[in-house]
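To begin, one chain is listed below as structure tokens, in the form predicted alone.
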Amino acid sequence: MKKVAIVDYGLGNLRSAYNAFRCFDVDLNVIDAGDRLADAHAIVVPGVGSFDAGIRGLRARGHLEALQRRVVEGGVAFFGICLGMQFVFESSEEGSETGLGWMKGRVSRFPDGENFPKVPHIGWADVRVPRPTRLFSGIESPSDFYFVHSYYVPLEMDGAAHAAGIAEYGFEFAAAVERDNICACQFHPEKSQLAGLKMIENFLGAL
């Protein structure tokens, strides 16, 4: 049975992610220390909260080094959710910490003002699929997914090059990215009903 690790760094929305992934036939564990990721076949990083606090939590528990070793060097499948997607990039306007840097680009904040929709972006939104990917295999384009976020990945640099899903909130942004063994989405698949469960099934099915 494949071992799937959900990374606990002190901020992640672990309960809903855990409940969604346990619908499938995997050996599922919540991991609170990087050295315990050594035998995982897949690693999931869910997230709520701020970019800087999240990176510091990953660092404090030894996850930053372990993620680099297992995902980049070892080729283990990675799935980032919400803040977990933002970690994949180099930095964020939300703080001063350095991200994982697996994809190039800086996470931006939605603008404030009368001419822009309310921030944060909360609720259901269409996600269209610009290219075939394993994450969206068998999922109609567009399909509704559930979002809760104030920061987004711009459609430039690797945000465009590796975009697996695109959504719109005032303008288009990268709703999901996929490159080799690294997958991530800004929305919450664990809260997105059948389409979200299908996405999780797709991720696990590729292990």
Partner chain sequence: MRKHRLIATLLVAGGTVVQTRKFKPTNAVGNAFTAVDFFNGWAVDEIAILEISRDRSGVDRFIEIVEELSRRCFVPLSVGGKIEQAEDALRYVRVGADKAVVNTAASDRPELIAEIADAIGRQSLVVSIDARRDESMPSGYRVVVDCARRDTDRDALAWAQEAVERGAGELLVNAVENDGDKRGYDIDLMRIVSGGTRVPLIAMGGVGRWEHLVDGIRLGGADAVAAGNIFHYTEHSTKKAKEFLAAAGLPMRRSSFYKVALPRRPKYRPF
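Residue numbers count along the first chain shown, from 1. Just so it is clear, the model here is predicted, and its values are computed rather than measured.
The same protein has a further form, the form predicted together with its partner chain, not shown here; the description that follows concerns it.
- No residue of the trio 51, 62 and 93 has any heavy atom within 4.5 Å of its partner chain in the model of the complex.
- The partner is absent here; in the model of the complex, the one residue of 156, 172, 32, 144 having a heavy atom within 4.5 Å of its partner chain is 144.
- Its partner chain in the model of the complex is not approached by residue 38, whose heavy atoms all lie more than 4.5 angstroms from it.
- Residue contact check for residue 180: none of its heavy atoms lie within 4.5 Å of its partner chain in the model of the complex.
- Taking the partner from elsewhere, residue 120 is found to have a heavy atom lying within 4.5 Å of its partner chain in the model of the complex.
- Contact check for residue 113: a heavy atom falls within 4.5 Å of its partner chain in the model of the complex.
- Contact with its partner chain in the model of the complex, judged as any non-hydrogen atom within 4.5 angstroms, is confined among 144-152, 38-46, 65-73, 158-166 to 144-152.
- If you take 15-45 and check each residue for a heavy atom within 4.5 Å of its partner chain in the model of the complex, you get 15, 16, 19, 20, 22, 23, 24, 25, 26, in sequence order.
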